[in-house]
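First comes one chain, alone, set out as structure tokens in the form predicted alone.
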């Protein structure tokens, strides 16, 4: 590890020692109290990089290396998008080992997805760390997967730089075991006329928190954030997003949906921030929750913070149960109750998934996870 990275790690360790695990009095963690983690035993820290990174070697236009092997300019990017004032960011950075760098050359379109596949077992703690750089005019698809029947902690960090005119689609699936704590960070900066689409499926882990921070730093930049929580049992999942319009003529679109069964808890906290003089921007945010039982909980907190006057911004939130009249309509046509409810849930989540038709990741990985969730939730539902 170079002195630059070692100093970053030491700074983060000092920050976390001062911050500690946040409780509900910290506004950003109002719905997700992490203070109990100070007594948690996560097991030994293990090096947990994505499986089969060798499959990325030899892809034309892609350079795969580590931050320690990279030049000073690349090393300076590590941690530059991450607010160490956040306890999770500080904790993960304090345990940073090596940073895997994926560098896509200018004007290169990578045809195959760049897959970061993580599968843990046993009781341990892992801190995967990635730096993704797309040069001017580049295009790529990035796939993150976190799975396995493990205990302990997964705390990944992904920092993304999308240069002018470049485009990145980022798919992230969480399906870790019921004894896992997952604390993740994704931070992205977009230059002029760049675009970034982040689609997240949160299905696993006992306790999950994913922080997403996107800065629209260049005019014409656009971001889509789409998320889906599919929760049951006593799971708790918190998606915390922050979109900063730091330049004029930028646009953002955000849709998060949650389906919550049993005594599970879904949290969405999203803020659109419009900086001073960032005129002619448009930002839209919507969060919807569907409760499948009396003990299920959804906490949605959309926010707008605007310091410019020529903007179009909207946000909204809804939480409710399945529509009884629609359910009666389906039942009256001979559809069993469990199947009718499943059809209604599938229709509810379609808004997040409809733009993924034809995406191989949806067909090969996500669809089985979604089908397994629906089957589990409705398999014991009575037909009467």
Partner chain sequence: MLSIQNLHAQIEDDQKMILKGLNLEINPGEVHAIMGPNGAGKSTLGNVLAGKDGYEVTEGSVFFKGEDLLSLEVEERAHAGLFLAFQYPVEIPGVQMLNFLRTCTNETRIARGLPELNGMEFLKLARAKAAELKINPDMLKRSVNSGFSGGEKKRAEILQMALLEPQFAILDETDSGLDIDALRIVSEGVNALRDAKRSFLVITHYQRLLDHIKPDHVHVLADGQIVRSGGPELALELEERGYVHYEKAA
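Positions refer to the first chain, counted from 1. All of these numbers come straight from a predicted model, not from anything done at the bench.
Form predicted together with its partner chain: not shown, discussed below.
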property	result
Partner-proximal stretch of 344 to 352, 312 to 320, 28 to 36, 49 to 57 relative to its partner chain in the predicted bound form, 4.5 angstroms, heavy atom	344 to 352
Interface residue in the predicted bound form among 40, 64, 45, 337, criterion: non-hydrogen atom within 4.5 angstroms of its partner chain	337
Partner contacts in the predicted bound form for 142 to 157 (non-hydrogen atom within 4.5 angstroms of its partner chain)	none
